[in-house]
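The chain that follows stands alone, in the form predicted alone, written as C-alpha cells.
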C-alpha cells in the first residue's frame, strides 16, 4: 500500500502592538463602531500619501532578532494588486522581493528532542477592511457592509519553510510562534479578535520522494484546534483523491468548523497574478546597524536562554524550566515568587506554580496575570512552608483564603486562623500517646509487620491536631515510641 508524507508550511499574520496604523495615525482599538477608526489615508481618498509608522518597523526588528534572522539594511514596500470590496485602494501595501526580515528559525518539541523549523521571511504589510454580511449587527441588516476600521492595521506576515510533516508539528510551531510574539511584546496574540491568524499550505507526496506535491492553502485559521482539524482533514482528503486516481489542483480553501471539512474558495493565485511593483509613494526602508543595536539592547531574555538559566541557577529539571517559560508572564511570576521565598526553595515554587496555581487558574478560566494570589503572596506562603510554620495541607488552606480575598498575606491568614504548625516534641508526644492508647489494634498490626497500620496512626495523629502537626516530626516520634 502506498505510504504518503504530508508537507506543511505556515503563513502567519501577527497584528503588531502599535497605537496607530502602519501608514496613518488612525487608532486600532478592537471593537469600535464601524468606520470610526478610518481616516482619509485608510479609505484611499485621492491625493493622500502614506507615512510609515516607526513603531511597526521596530516590532519587525525585534522579531527578526528573536528568531536569529537577518535584518535587511534596505527593504522595499510594494503594491499587491487585487480587487476585493474591503480593499479601498484596489491594492495592498506589502513587501515582496525585499522583506525586512530574512531567514531565522524556531524550535518546536518533537518527541524527546526539538525540531528546527526554518523561517523564509517576515515582512510588513497593511491589513484589509472587513466585509460584514446580513446578521452581523444592527448596521447590516438585510445587506452587506464594509467596515474599514481594520484597513491599514499593521501586520507582520511570518512565512515558514515547508518543514512540518503533520498537523501536530504545525500546531506546535504555531504555539511556539504565538508564545514568542507575545514574549517580545510585538503582538497580543488574541486569536478571537484576529490578532494572530494562520494560513496553512498543505500538500502530500509519496514517502521518500523529494519533489513537492501540489499545495492547497487553508485560509484564516484563528484557533489551534481548528488549525489541527483543518490540516488533518486536508491531508486525508488529498490522499484519498490521489488514491482514487484524481489530481490536486492548486487552490485556496476555507475550513468549516461545523462540518470539520475544507472547501475550495478559488483557484490559488501565483505571485505574478498580483502584479507586484514598488510603491512609488513610499521610499525604501533603510535600517541602520545602530538602530538594530538599540532594539537588541531592549529585548527581554528570550525563552531558550531563560530556560537554560533556570536550570543552571535553580537546579530545576528541564521539564519544569520548559513549563515555566511557556509565557513571559509565567516566567516573571515564578521568579518573583522565588525572590520572596528564597532561591533554595525554587523547586517548591515551581511545583506550586505548575500544579496548585495552574489548576486553580484553569478551573476558573483565568490567565496568570489575573491570579488573585500575587507572586509575592505565593512566595511568602512558600517561605512559611520552608520554615516549618505550615504543613503542605495547611498551606493549601492559606492559599484558598488568599485566593478568595480573606487575607492580604499568608502571615495574616495564619494568625487569624491559628494555623501554625505544631512541631514541639513535648506537645506532640502527649498527642501521640493518646492516639496509641486508643488504637491498640493498629499498634498490634504494625508490630506484626503491616506498614499500612503505621500510616493509619500518622493519620490519626494528624486528625487529632486538625492537620496542624508537623507530619515529619510525627513520623519520627511514632517510630521511636513503637520501637
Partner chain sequence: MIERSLREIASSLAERRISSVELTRLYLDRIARHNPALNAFITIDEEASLAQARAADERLRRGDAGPLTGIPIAHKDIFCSEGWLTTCGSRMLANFVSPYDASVIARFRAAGAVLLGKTNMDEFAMGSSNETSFFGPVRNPWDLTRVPGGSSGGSAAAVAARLAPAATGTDTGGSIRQPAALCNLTGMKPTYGVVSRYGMIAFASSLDQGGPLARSAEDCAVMLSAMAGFDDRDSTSLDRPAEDFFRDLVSDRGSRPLSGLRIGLPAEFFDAGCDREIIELVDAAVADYRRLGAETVSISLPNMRLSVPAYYVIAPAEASSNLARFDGVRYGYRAAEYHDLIDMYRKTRAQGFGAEVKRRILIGTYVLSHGYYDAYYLQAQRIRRLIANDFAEAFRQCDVIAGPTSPTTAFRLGEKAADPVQMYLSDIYTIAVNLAGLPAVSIPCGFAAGLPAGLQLIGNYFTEARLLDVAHRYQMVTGWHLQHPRGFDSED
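Predicted model, so just to flag it, every value in this text is computed and none were measured. Numbering follows the first chain given and starts at 1.
Just so you know, the form predicted together with the partner chain exists too; it's not on screen, but the next bit is about it.
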- Query: Can you say which of 43 to 51, 435 to 443, 62 to 70, 452 to 460 gets within 4.5 Å of the partner chain in the predicted bound form, counting heavy atoms only?
  - Reply: 43 to 51
- Task: Indicate whether residue 84 is a 4.5 Å heavy atom neighbour of the partner chain in the predicted bound form.
- Result: yes
- Using heavy atoms and a 4.5 Å limit, would one call residue 278 a contact residue for the partner chain in the predicted bound form? yes
- Looking in the predicted bound form, any heavy atom of residue 79 within 4.5 Å of the partner chain? yes
- Report yes if any heavy atom of residue 282 sits within 4.5 Å of a heavy atom of the partner chain in the predicted bound form; otherwise report no. yes
- Sort through 394, 167, 148, 122 and report the residue having a heavy atom within 4.5 Å of the partner chain in the predicted bound form. 148
- Please pick, from 387, 364, 294, 273, the one residue with any non-hydrogen atom lying within 4.5 angstroms of the partner chain in the predicted bound form. 273
- Note on the structure: Near the partner chain in the predicted bound form, with a heavy atom at 4.5 Å or closer, the residues from 195 to 224 are none
